[in-house]
Structures are given as structure tokens and as C-alpha cells.
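Take a look at this single chain, the form predicted alone, given in C-alpha cells.
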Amino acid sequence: MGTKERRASEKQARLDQILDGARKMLFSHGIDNISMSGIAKKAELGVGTIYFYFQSKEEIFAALQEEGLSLLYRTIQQIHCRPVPSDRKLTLIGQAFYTFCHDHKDYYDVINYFLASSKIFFTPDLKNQVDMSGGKILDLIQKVIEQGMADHTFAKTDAGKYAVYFFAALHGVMHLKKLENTALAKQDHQQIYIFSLKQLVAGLKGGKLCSQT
């Protein structure tokens, strides 16, 4: 490994330390009780090093959200490029979101932390930056729906609004996983998710909903 590559690797390692430390503190302290010095201590780095990468804790948490959203976007983009029917493509996107929530729970929990809060923690510029990352995902879903309408797989609808509904509905169902040992103890959460996904896709095909099987 050359000098340039080694420096890039060291820089990425420090960045990962900062983001990992901030992520761990978010759930144990809450963003309002976190300071840059606290993140530095958790990451085992100097405060000056933290400020070399980020100007504020809000920038750190915005970066965490963008990392997760970018990962999800790349996954959905790959599905979007596959030569499969629109209804199958939308189903694969829904399945990919479920997998993302499980396999990348650290990212999902951070995204969910800020989505679930009624409080806005970021400056308008940072909020717009994060929102644009999420918006790219909705745009891909909208394109799949528009493709389905064009090839007559789906009935005519407002593709933009349905894309938001599709994502919000699946996100809401994922939220219910916390009830799987209480109110939903007699049901399998994954099967509830699969059922909901089928209904959402079927709803685009003329409103004819599928059975529970």
C-alpha cells in the first residue's frame, strides 16, 4: 500500500471511529445530551480531530443518516435497473427495505430516531441535505410505479403520492416489530410485513387486493 492509499485508509478509519462513537451515544444519551467532546472521548480521539472532520454534532448525525440512506439507495437503484416486470420490481424493493432494516439495524435505528421525533434537530441546510438523500429513494420508487403504469401493469394513479404511501406504510409496519413479544405475540412480524407488501403492490393493479396466502 502506497503513502496516499495508507493516508486515505487512516482517514476513513478515524471517520468510522467518530461515526460509530456518535451512533452509540445517540441511543444511550439522546442527541440533546451529547457534546463534541463526549463524542471524541467515546471515539478515543482528540477533540481537534473531531473538528477536523465535522463542525458540529449535528453534522455528524446528518452524516450518519446520509450513509444509511445512501446504502439503501444503492440497493434500490440496482433493483430499479433489473429487467423484471414492474410489480416484481416493486416487490423486490419492499423486500430490500426489510433486509436493510435487519442487516443494517445500526443505520435503520439512526434514521428512525430522527424520523420518529417531532423535533427538528438540524439547520435548514443540513435538514435539506438529509431530506434530499431520502427523496432520491422516493424518486426511484415513483419511477417504478410510472413504468408500471406505462406498460399497463399498474392502474393510473398519482405515482409521486403512492411512492410516499408505499414507503411510509412499510416503514410503519417495520415499526410494529417492537410489539412482536406483546400485542403481536401470536403473529409472525415478517409474515405481517410480507402481507402488507403484497397489498401495497396489489393496490396498484386496479385495487384488487390479494388473499392472505
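Source: prediction; values computed, not measured. Sequential numbering from 1, following the sequence displayed. Throughout, rigid core stands for the largest set of C-alpha atoms superposing within 1.5 Å between the two forms.
Here the subject shifts to the form predicted in complex with the DNA, a form of this protein not shown in this document.
- Of the residues A63, V47, L176, A159, just one reaches the DNA in the predicted complex with a heavy atom at 4.5 Å or closer; this is V47.
- A heavy atom within 4.5 Å of the DNA in the predicted complex is found for one listed residue only; from K205, R14, K198, K24, this is R14.
- Taking the partner from the other structure, the DNA in the predicted complex has a heavy atom within 4.5 Å of a heavy atom of S35.
- The DNA is not drawn, but in the predicted complex it has no heavy atom within 4.5 Å of K4.
- With a 4.5 Å cutoff on heavy atoms, T153 does not count as touching the DNA in the predicted complex; it lies far away.
- Although the partner is absent here, Y53 lies within 4.5 Å of the DNA in the predicted complex, judged by heavy atoms.
- Screening 140 to 148, 179 to 187, 53 to 61, 166 to 174 for residues having heavy atoms within 4.5 Å of the DNA in the predicted complex returns a single hit, 53 to 61.
- No residues of 159 to 177 lie near the DNA in the predicted complex, the criterion being any heavy atom within 4.5 Å.
- Comparing the forms between the shown form and the other one, the C-alpha position of L184 differs by less than 2 angstroms, with the core used for superposition.
- The Cα position of H29 differs by 2 Å or more between the shown form and the other one after fitting on the rigid core.
- Between the C-alpha atoms of I31 and Y73, a gap narrowed by no less than 3 Å is obtained in the predicted complex, as opposed to the form on display.
- Cα-Cα spacing of H29 to D106 is reduced in the predicted complex versus the present form (difference of at least 3 Å).
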